[in-house]
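Just one chain follows, in the form predicted alone, and it is written as structure tokens.
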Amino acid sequence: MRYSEMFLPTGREVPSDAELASHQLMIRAGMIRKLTSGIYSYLPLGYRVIRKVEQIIREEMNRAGAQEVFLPMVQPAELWQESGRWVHYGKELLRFRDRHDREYCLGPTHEEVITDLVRNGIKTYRQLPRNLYQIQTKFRDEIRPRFGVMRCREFGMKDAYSFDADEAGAEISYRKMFEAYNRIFTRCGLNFRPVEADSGSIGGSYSHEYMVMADSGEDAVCFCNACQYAANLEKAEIAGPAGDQPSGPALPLEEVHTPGVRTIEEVCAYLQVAQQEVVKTLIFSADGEPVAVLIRGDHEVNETKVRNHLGCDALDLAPDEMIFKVTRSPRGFAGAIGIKARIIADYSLKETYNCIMGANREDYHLRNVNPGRDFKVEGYADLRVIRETDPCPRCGGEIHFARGIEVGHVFKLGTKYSKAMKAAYLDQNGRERMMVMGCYGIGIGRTVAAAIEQNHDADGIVWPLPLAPYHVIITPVNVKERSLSEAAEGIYRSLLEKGVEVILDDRDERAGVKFKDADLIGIPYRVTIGPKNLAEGKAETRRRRTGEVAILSLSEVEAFLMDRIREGI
């Protein structure tokens, strides 16, 4: 491609509303332009990278036995009502009515549509298993879109759905996709980790997120180098205590006047105690019903774990009126003794005794509170956020933390959708059974942005070769000098004939401007044709990632570049 014919509006200024390097560089490199909040146009350079990611995905999905389909983005409300998600999905689901007053939504995902398609097309076990995928636009009405294409409202996604006759088959399908995803992100040249994750609004019993490791990542990931355990903070497990009994005598209960003392920090300062001696009583509304969650004062409650333990759809911190109803006191003085709510507690409280807790009375707390003696706990569970001081739940090794960007997610859905939508088949004995499903997604634009977060420097993008929009840029330092232009043209045409993706920078610009643009857009190899080298029949090649320079004869340039492109370096 000739640079003079490209629609490639590069820029030097950093956009004022762009926080992440990927957002800044995708705009400066002429890859994207914002249309409105959370909605972007992809320009030719950006779209070439998108298509490269899509091609890698298609090749690996096809290799894994999946078949490509293309499903409607506009989805009828009836399907979402069947699955129960029309109400529970939330405001991210963009709902609207057509001229006939029928309700629809723009698809944020396609579980309902694919389940409807398969239940009408598969009737017997002989037609299973099946795995169908698509690469298509999704829309989620994010309340606060940010970070460019990293968290936008309209985005490209690869979503796949597997259908199996039983759990054993579903496990095989899940493993195929797990391995396919490892190949996809490896081929994209990314440093990534699959981590255990919560299934969220998609549902299901088991899932992994694929995290591209980057300091700018939104998500915290914990991992163990000793045993390969890795999980996001929502999912990260904490091993239960070895013993169930307190290790000391229970002292008499004592009420203490604590005027105006509400927070853990205030309680500890007032009573001169450590945070681990205090028990927080957090009142939640679980599907509208009050639940008291007990957790040690130095720990942080994990709301995802609480929701999963309770099996509720909606979980929120209780409003003041609910707190007063169950404790007869204002916020800040809740305790477990005499509370009118279910009580669940974190595992760590099995080892707690003679603790401090709210008295369910304004301006009062209690000393020497002991579970079992003073109140009854419905159940103990892992309900808190993991910390670096916690041991690995698998092997007891050290836990480490890092930041990551989620680019993919694989789910075991089980029969959540097939039961709700009656996606059944007849088994070998003619009995009706529900299909067992899996769901597998990759954010296309997020993958591109994550690649930039992981591969950039002060001068611009440093593309991994498999994702680079072009592999080589040829730069004659002065296009008005005939000998330079002819030499550049010769190399350009020769590389094109060999199938190399190459740009000829034929602009009448200063060499410095051309070099800056080449570094900004991140082309892996630059060939510079200058008068001094050309006088000796040579040209300069420079590798973008390392800055490595080689002065080669014109006849050697092509072979040099072809070797490195074949090697993927």
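Numbering starts at 1 and follows the sequence shown. Predicted model only: the values in this text are computed from it and were never measured.
Another form, the form predicted together with adenosine-5'-triphosphate (ATP), is not on view; read the next lines as being about it.
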Original post:
Using a 4.5 Å heavy atom cut-off, which stretch among 425-433, 322-330, 492-500, 439-447 contacts adenosine-5'-triphosphate (ATP) in the predicted bound form?
Top reply: 439-447
**OP:** Tell me, out of R151, R130, H299, R193, which residue has a non-hydrogen atom within 4.5 angstroms of adenosine-5'-triphosphate (ATP) in the predicted bound form.
**Re:** R151
**OP:** Sort through G404, P469, G408, G335 and report the residue having a heavy atom within 4.5 Å of adenosine-5'-triphosphate (ATP) in the predicted bound form.
**Re:** G408
**OP:** Please run the contact check for F155 against adenosine-5'-triphosphate (ATP) in the predicted bound form: heavy atoms, 4.5 angstroms, yes or no?
**Re:** yes
**OP:** Decide whether R140 counts as a contact residue for adenosine-5'-triphosphate (ATP) in the predicted bound form under a heavy atom distance cut-off of 4.5 Å.
**Re:** yes
